[in-house]
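What follows is a single chain, given as structure tokens, in the form predicted alone.
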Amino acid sequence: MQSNRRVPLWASALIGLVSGAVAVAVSLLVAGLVNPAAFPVVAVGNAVVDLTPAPLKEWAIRTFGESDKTVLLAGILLILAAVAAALGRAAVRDLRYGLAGLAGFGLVGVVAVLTRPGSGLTDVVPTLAGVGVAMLALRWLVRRSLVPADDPAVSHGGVPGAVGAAGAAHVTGAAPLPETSPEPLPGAGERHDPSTPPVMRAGNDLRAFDRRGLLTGAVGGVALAGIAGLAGRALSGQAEVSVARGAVLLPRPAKPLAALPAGVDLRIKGLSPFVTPDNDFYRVDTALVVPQVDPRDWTLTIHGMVDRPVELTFADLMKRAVVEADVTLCCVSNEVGGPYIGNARWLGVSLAGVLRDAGVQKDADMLLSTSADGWTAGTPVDVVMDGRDALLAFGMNGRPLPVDHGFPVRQVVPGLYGYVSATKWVTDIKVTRFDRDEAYWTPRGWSAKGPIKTESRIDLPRDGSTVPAGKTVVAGVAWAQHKGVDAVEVRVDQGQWRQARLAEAPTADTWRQWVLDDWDATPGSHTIEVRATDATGYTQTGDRAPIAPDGATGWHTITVEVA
């Protein structure tokens, strides 16, 4: 059906934007009914994450931090909005172009959905439903925006002057102009007022832009999108999982840890606290939309190179002997002095104990764990089985895991970077070998095994800050998970290294606060460096190395002005 009509640019853009909003909202609603992971916007975003080169991902994490996923989703939605506006413009010229454009975007969504791990044919239903309803909305809005020029709703009850001189000529019986003219038709001998809505010919009918018809139609489309979007969000499980999390009663550990001694936290304002609050704990993962996993539906399957495959429900897990452990986690994306590290008290069951029940075969050397959203990590078997507190954790700082941090169950393995160990929303563990399987990050250029490196950070004073002259506190944290920090040294302006005072550390698996509280700061610009020595006698290197392929190295260095 050919339109061959003109409407103002803002109006055609509005037609496209409303149609696009309907597509997104309806697909979200249907995904809530079928499978939340089949929402095409998220599927496209996840595909973008998977296809993005590693250096670009590193830049995104450095630049946007934990907001990188929000920025990506916002960028995708902005691109969709721009394309939708363009499709609206195409549709008012020829409806077939607009419909074809929507079909093309639907095809992109279908491909993205079908390429996600564990997808099936039913997962394309949300995309097809969204595109189908958007096509109907596009056709409806185009028709509402252009009505017969002699329609009384436009000539008399619509926007004043909606017909214009050409419409008046048509209504009064003036000789019609040639049917092939797609242009606005100003009255004979009169100057056309560009502010007057144009009149176009479609077949044997003159058509006029109806602002009121478009705006009322747009309001209806926005209302439909809003209702569908809200319903889809509710159906996605966020509210239900939040309620289920609130209903979880954490079991008591078989051997509760003692309360943290006062000496673990120096309680210096501005220094990272020993225990990182849940809301401040870093989050770095590939999930654009946090998986919503109801503990009543959760299962963990352990299979592969085992004597007895195991499947556990959440209730099964809670019945096992519960372990409590203080463990610091660190992301491999953490630059020297970076923020992607945190310490918490975790509650869960021994991962090694579950694996012993399954009977790990002697040739196995890798645990390929899979998240509810399909992400994978490869963890060395020997590290998990060597006696450290490797957990299937369901509690964090005395409460059920936050959804952002893996509720209902995640892995926690001391001493390994998260990309090879800390699988959130874990649902599957395949016991295998490194020479047979690869985890998510390995084919992207990262090391297959990621032991955390001995590092330290200056929290006070802040880099680039100005401090008063005189006695100044220099303080921070150091870590060497599963080895322990034995010493921290600080130097100013490349002078002599000075020993910092260390806070207590309950285990070797946590970070350790340190402080140098007698630096006599003199006016001028000063450079401060820090290095740590772990319990094996290794002192961290000052040689700078990037985060890829297995973690950054170097001394954290800051510059301050003393006034």
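All values derive from a computational prediction rather than experimental measurement. All residue numbers are counted from 1 along the displayed sequence.
The next section is about a form of this same protein that is not shown, the form predicted in complex with a small molecule.
Of the candidate stretches 114 to 122, 297 to 305, 215 to 223, 322 to 330, only 322 to 330 has residues with heavy atoms within 4.5 Å of the small molecule in the predicted complex. Proximity to the small molecule in the predicted complex, defined as a heavy atom within 4.5 Å, singles out one entry of Glu489, Asp486, Asp373, Asp389, which is Asp373. Interface residue among Leu347, Val293, Ile429, Ala422 relative to the small molecule in the predicted complex, by the heavy atom within 4.5 Å criterion: Ala422. Contact between Val284 and the small molecule in the predicted complex is found at the 4.5 Å heavy atom cutoff. In the predicted complex, His482 stays away from the small molecule, with no heavy atom inside 4.5 Å. Arg457 falls outside the set of residues with a heavy atom inside 4.5 Å of the small molecule in the predicted complex. A residue is said to contact a partner when one of its heavy atoms sits within 4.5 Å of a partner heavy atom; Pro414 fails this definition for the small molecule in the predicted complex, lying far away.
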